[in-house]
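Presented below, as structure tokens, is a lone chain in the form predicted on its own.
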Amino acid sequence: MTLGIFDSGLGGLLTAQYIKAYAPGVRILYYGDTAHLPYGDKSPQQVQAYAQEIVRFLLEAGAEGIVVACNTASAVAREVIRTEARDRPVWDAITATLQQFKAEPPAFPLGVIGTYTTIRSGIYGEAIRAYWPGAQVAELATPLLVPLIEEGFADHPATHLILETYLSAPSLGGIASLLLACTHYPLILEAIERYYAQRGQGCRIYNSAQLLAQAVVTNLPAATSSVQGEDTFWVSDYTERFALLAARFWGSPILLQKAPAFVGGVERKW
């Protein structure tokens, strides 16, 4: 099957990598909206507009299903994406995580870290409390992490300092588990685990990128086309730095392409 996967930048390549590891026969069409990252500080209406245009692009390119590898877009643009995708299957980070929690409840109190827009939506806390009334959920916006990760600073002292500042916030004190509600955050998973280990605090970490990939491969329908091809990776803004960073997310060098300005005779809005 050919899957269209998109994110606000290159973090969604981690989800694509997990999917490829679980289902090597899947063809990946990836779109990183590097011209507009991060989505976390954009209005819901702006994110919806970006998502709609990207889904249209991926479908025109041959995607048979859409994977929303972005918690922010999952939080505020799911209905727009499903409408644009019409009869194609759509998987999003939030639905995948909540389905996993229903199958295997997390330990509470649960901490949730993500972008401003994801946290402001309150979608995780509301959904979890609807299923487990009275569940303790602490949601904290951690907006500086995505720009640092996209800058290639995942293992930089500045990132470690900011991460420690966020994780030591009073609202996250005493949590038993932590949800990384951003598909960029697995790149700093080791630093997060080290933070809790150094303090002797047992805390289970949930990786939303991996949970999304598992949901995709578990529910892959039969392919609607026998035509296959190479994995393709587009970005809305290309730089050599993005190309180097993409190799780090994917785990090996890949050919990163600037998305065409015109597709099917229609000019892209960016």
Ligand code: DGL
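One rule holds for the numbers: they count along the sequence shown, beginning at 1. Here the structure is a predicted model, which means the values were calculated and not measured.
Not pictured, yet referred to below: the form predicted in complex with this ligand.
Contact with this ligand in the predicted bound form, judged by any heavy atom within 4.5 Å, is made by just one of 146, 94, 128, 178: 146. Remark: of stretches 191 to 199, 94 to 102, 68 to 76, 162 to 170, the one touching this ligand in the predicted bound form is 68 to 76 (heavy atom within 4.5 Å). Proximity of residue 112 to this ligand in the predicted bound form falls outside the 4.5 Å heavy atom cutoff. Contact annotation for 1 to 30: residues with any non-hydrogen atom within 4.5 angstroms of this ligand in the predicted bound form are 7, 8, listed in sequence order.
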